[in-house]
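Here we start with a single chain on its own, the form predicted on its own, put down as structure tokens.
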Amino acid sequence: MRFASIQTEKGSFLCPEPLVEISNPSLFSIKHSTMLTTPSINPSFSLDSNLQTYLSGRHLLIDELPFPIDQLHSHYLNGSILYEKGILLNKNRYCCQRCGNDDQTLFASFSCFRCKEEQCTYCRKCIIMGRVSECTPLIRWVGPARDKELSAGLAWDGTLSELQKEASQRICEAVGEPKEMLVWAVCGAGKTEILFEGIERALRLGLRVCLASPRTDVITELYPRFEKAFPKAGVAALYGGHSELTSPSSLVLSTTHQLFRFKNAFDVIVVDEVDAFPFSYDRTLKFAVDKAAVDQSTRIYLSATPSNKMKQRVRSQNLEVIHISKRFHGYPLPVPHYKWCGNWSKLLKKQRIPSVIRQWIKEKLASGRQAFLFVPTIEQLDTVYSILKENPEIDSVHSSDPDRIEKIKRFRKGEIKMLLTTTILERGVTVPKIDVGVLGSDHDVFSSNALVQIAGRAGRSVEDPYGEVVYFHFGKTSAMVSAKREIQNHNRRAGLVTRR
């Protein structure tokens, strides 16, 4: 888009090309503009409440806004909307203002129809969310804040363990304070439940809350639980393919990717599975969390397997921590056992499954229990499924599976007895009575943290607190040994006797 400079009683401001009324105007791309201030707020201007609601806390392209441009511009001229450059150029280096990308290899230029320039640079990093280029402004609300919505009301009537109560109390005390906190809790500790009272307190204070996770599966798992716990909050869930936010929800569940579309929005941000890929790898997702939070926000990080960097911050007393080494039901974590299965990779190439794994699958299906069988790669997963697909009780799922969400729902309902999967389900999915096997646990994809998380799928319900975890391997790795040792250490700290 191009803009013209227009003179008003308050000074010189921008005017989008479609709204320019003078003939032969001097038009320019916003990248050349030095007039990105907003006119002062006109208190007598009649705000559009729908626009205010839609845009508050958001950071969007014009194409993402379902409002006519003359309506947007009238709010700009009356001090409620700010046009910002989508791409900044500083000392010959580009930086995307939506995703924070400053990797110069992830920028490209093209001859632009909109700004008529031969070299209009855009960000390739976040292009899947709509193209941000030098001539496309990002728009955000800077007008009067919408009225606070007191949408509290906790409908959860469960009981917290003593450790959970202590953690919940400390979270409640942190809400409203500008601080960071790590909740380092074992898999199955009931991290979600310890958040409830803190979130209710935030909502009662009129604060806006976001629970973010790098994993779509975590968001889809948590959404119905939060919707049930906070029936008055109008909980919104944002993830790939579900990014519309048409209601002014004070409680948002979102993948960290979707936070690129927010700015200064949330008073409390909880980042679940903070160590999970891609959050641990992609620094722009950390940028997204920082950008979506208000300056004096409360940050709470949840993890069963925090990164070494985060552990170092805890050791240096730079990050407050809450330890929960015991599951909510009080039983120890299932300790994995190793089972040698021969050269599983070679056998899969011959379209064969190691006999010891075949026997395990047969026993699990005969037991009537459900089971996960983790497989290192999608290609190997497809091979295993092609061998077993004649059995209607077995199905498979991976990150590129178009039926991924539906299959996980069916597995939760017990309609699928055994689910073959990659590491996409290493966390965030809870099924009450389940055993877990890892085919090729010596593969590089299974890090120590991944193996701890996978083991954490078993024994999560009080009716079935143990469950079996088997690492099938062709040679023990340091990751396997480390994962088992960490699980045993958690049980020891909790004063529990392990079963293996």
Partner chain sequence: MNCLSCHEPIQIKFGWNDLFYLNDPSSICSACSDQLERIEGEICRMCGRSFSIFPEQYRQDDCCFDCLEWEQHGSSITKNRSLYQYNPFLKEVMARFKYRGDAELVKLFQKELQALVKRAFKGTIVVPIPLSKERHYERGFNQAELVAGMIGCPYYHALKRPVHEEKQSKKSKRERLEHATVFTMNEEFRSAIANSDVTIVDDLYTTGATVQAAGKILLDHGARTVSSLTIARG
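Since the structure is predicted, the reported quantities are computational estimates derived from the model, not experimental observations. Residue numbers count along the first chain shown, from 1.
The form predicted together with its partner chain exists for this protein as well; it is not shown, and the discussion that follows is about that form.
A heavy atom within 4.5 Å of its partner chain in the predicted bound form is found for one listed residue only; from L106, L77, L88, V294, this is L106. Scanning A145, I128, A155, A366 against its partner chain in the predicted bound form with a 4.5 Å heavy atom cut-off leaves one residue, I128. Contact check for R93: every heavy atom lies farther than 4.5 Å from its partner chain in the predicted bound form.
Not displayed here, its partner chain is kept clear of Q312 by more than 4.5 Å at the level of heavy atoms in the predicted bound form. Looking at C112, you'd find a heavy atom of it within 4.5 angstroms of its partner chain in the predicted bound form. F372 falls outside the set of residues with a heavy atom inside 4.5 Å of its partner chain in the predicted bound form. Only one of 117-125, 355-363, 295-303, 331-339 places residue heavy atoms within 4.5 angstroms of its partner chain in the predicted bound form, namely 117-125.
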